[in-house]
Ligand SMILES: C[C@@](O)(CCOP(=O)(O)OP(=O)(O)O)CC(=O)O
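The data below hold one chain only, encoded as structure tokens and taken in the form predicted alone.
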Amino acid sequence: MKATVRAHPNLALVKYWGKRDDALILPHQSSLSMTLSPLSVRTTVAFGVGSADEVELNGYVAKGSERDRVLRVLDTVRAEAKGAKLGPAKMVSRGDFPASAGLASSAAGFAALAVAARAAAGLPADPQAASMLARLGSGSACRSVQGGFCEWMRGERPDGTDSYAVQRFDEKHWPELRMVVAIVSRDEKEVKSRDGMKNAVETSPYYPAWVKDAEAEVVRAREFLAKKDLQALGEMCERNAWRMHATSLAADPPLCYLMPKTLELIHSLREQRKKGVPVWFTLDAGPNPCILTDAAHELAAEAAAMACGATEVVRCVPGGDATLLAEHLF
């Protein structure tokens, strides 16, 4: 009745930006991401412990919406395994990278929770079921159940049973690919991603065009990954990021996540490319660019980031599946 899982965060190459169903966390369009190693979150789940559910995140007792999101996942597992009479649960989760890194620790956390909870409940290993379960905690978490490069399919059904992530290529497909995360600001965002995307969906005149374009980009991204075409993939990542941010800049009220150092680094990458250095950016809802490059140029990407005022750089490679561990956190 206890299981521990390690999962990695992911970074979208084609962004998820906007829900068509807030309750089930169903997206308006598909997205595609790269699972990132060595960063990880470990989560232990045990059922039949104590008299009430316990949730601990990175050393503190979770409260409010954080606790509610975890309990939603646990309650879904208890409902599926109703014959097992699982009882109260204890969940402890710890990440080995700071939230300030600009990488969604919640994606790794809920992927680890979903796989661990199903294992602790005695449910069979099932990446599709785990992906849908993780999605209930955090949308992008559905893409961290498996490694390599995963596509979150939009789906059509109102109940969300066809909206989950599938692995298009595993982590061994393109081991030379690198993602260099440049930290230019550790300040907490004034507008969280879920609020920013809701504003864009409801008020941006560009949003319908974004949905159509991003869906088409997923198809192109699969092709570029299959061919290991770094230039084509990098150019696509940049235009997809620009267009996502354009929806927010055109929203009411306008929302800009970029900072001066963000733009300085983006412009410096253009200059690097003129010198023959293969570096392209992507940018989630925040100020910290992530640089797509290859193993031969990751040090050059790091140097470019530091020269533009990055205070920290995190170098990542394609990561693997969420994996069961023998050692528990309690």
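Small disclaimer: the values here were computed from a predicted structure and weren't measured. When you see a residue number, it is the position in the sequence shown, counting from 1.
Quick note: we don't show the form predicted in complex with this ligand, though the next part is all about it.
197 is the sole member of 237, 120, 74, 197 with a non-hydrogen atom within 4.5 Å of this ligand in the predicted bound form. Of the heavy atoms in residue 273, none are within 4.5 Å of this ligand in the predicted bound form. Using a 4.5 Å cutoff between non-hydrogen atoms, residue 19 counts as a contact of this ligand in the predicted bound form. Of the heavy atoms in residue 193, some are within 4.5 Å of this ligand in the predicted bound form. This ligand is not shown here, but in the predicted bound form it comes within 4.5 Å of a heavy atom of residue 12. Candidate site formed by 185, 262 and 308: none of these residues places a non-hydrogen atom within 4.5 angstroms of this ligand in the predicted bound form. Heavy atoms within 4.5 Å of this ligand in the predicted bound form are found in exactly one of 138-146, 174-182, 224-232, 247-255, that being 138-146.
Although this ligand is not shown here, in the predicted bound form the stretch 248-281 places no heavy atom of any residue within 4.5 Å of it.
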